[in-house]
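Presented as structure tokens, the chain that follows is alone, the form predicted on its own.
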């Protein structure tokens, strides 16, 4: 009798006690979960540009030398290629195209997408997510001299210079061992974890590996000079990448000023 009760209970509870496959989500839980889209907003629409190089700029007021990065703009400029809204795409954003090229350099779908906006063939497309996009329309040209002024702070993103496979000292600023004769650890990494417990190396452990060649953002750089004749910006400090690298320049995010505190 007890065995029968156990068998009945086991049969009734079998679907509940059966091991669930990895990655499987119950329908009830998935149906009740609210879909939340999380993404960071920009402080304002930005532009794409090309790194020219670095130079020394002498401040006319004080005469002091200022290290600046010269940023130029290729033919074609920055053109709005698409305006995304919450009604059609689920979020508000402005898609901007940059760097005019020949039609042979693009595919037919890319040419069709740009032609719908009345934009010329452009090599690069990037989005700037904004809280309101009413002031933009497809085909609109963005002038950097109207978006920025001297003294503004900007966030500059780009692909950093690749440095290949590097050790812990160069990649993570580790301290080396003694260089004396008795030392047996000069530039080696050393211990990377305990033995039996946990018996593995924790994820994210700082170790030698490939360095550089990743998307990097440098925040709150100051625009020192805007030259409309040469169509260049002079930004104080260094920006990611080599000369000729593609850069993304947007107004700096400052909490409490152009980004809400919550």
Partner chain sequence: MASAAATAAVSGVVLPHSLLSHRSSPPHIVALASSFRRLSLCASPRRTTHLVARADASAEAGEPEAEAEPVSASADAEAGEAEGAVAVAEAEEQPPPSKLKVKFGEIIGILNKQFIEEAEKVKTVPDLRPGDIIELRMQRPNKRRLSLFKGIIIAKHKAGVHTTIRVRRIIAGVGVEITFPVYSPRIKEITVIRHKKVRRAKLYYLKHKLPRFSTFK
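Treat the numbers as computed from the prediction; the structure is a model and nothing was measured. Residue numbers count along the first chain shown, from 1.
Below: the form predicted together with the partner chain, not depicted.
The partner chain is not drawn, but in the predicted bound form it has no heavy atom within 4.5 Å of residue 196. None of the heavy atoms of residue 174 is located within 4.5 Å of the partner chain in the predicted bound form. For residue 72, a non-hydrogen atom is located within 4.5 Å of the partner chain in the predicted bound form, even though that partner is not displayed. Using a 4.5 angstroms threshold between heavy atoms, residue 90 stays clear of the partner chain in the predicted bound form. A single residue from the set 45, 211, 221, 232 has any heavy atom within 4.5 angstroms of the partner chain in the predicted bound form; that residue is 232. With the partner omitted here, the stretch from 180-188, 165-173, 81-89, 132-140 that lies within 4.5 Å of the partner chain by heavy atoms in the predicted bound form is 132-140. For the stretch 197-226, the set of residues having any non-hydrogen atom within 4.5 angstroms of the partner chain in the predicted bound form comprises only 225.
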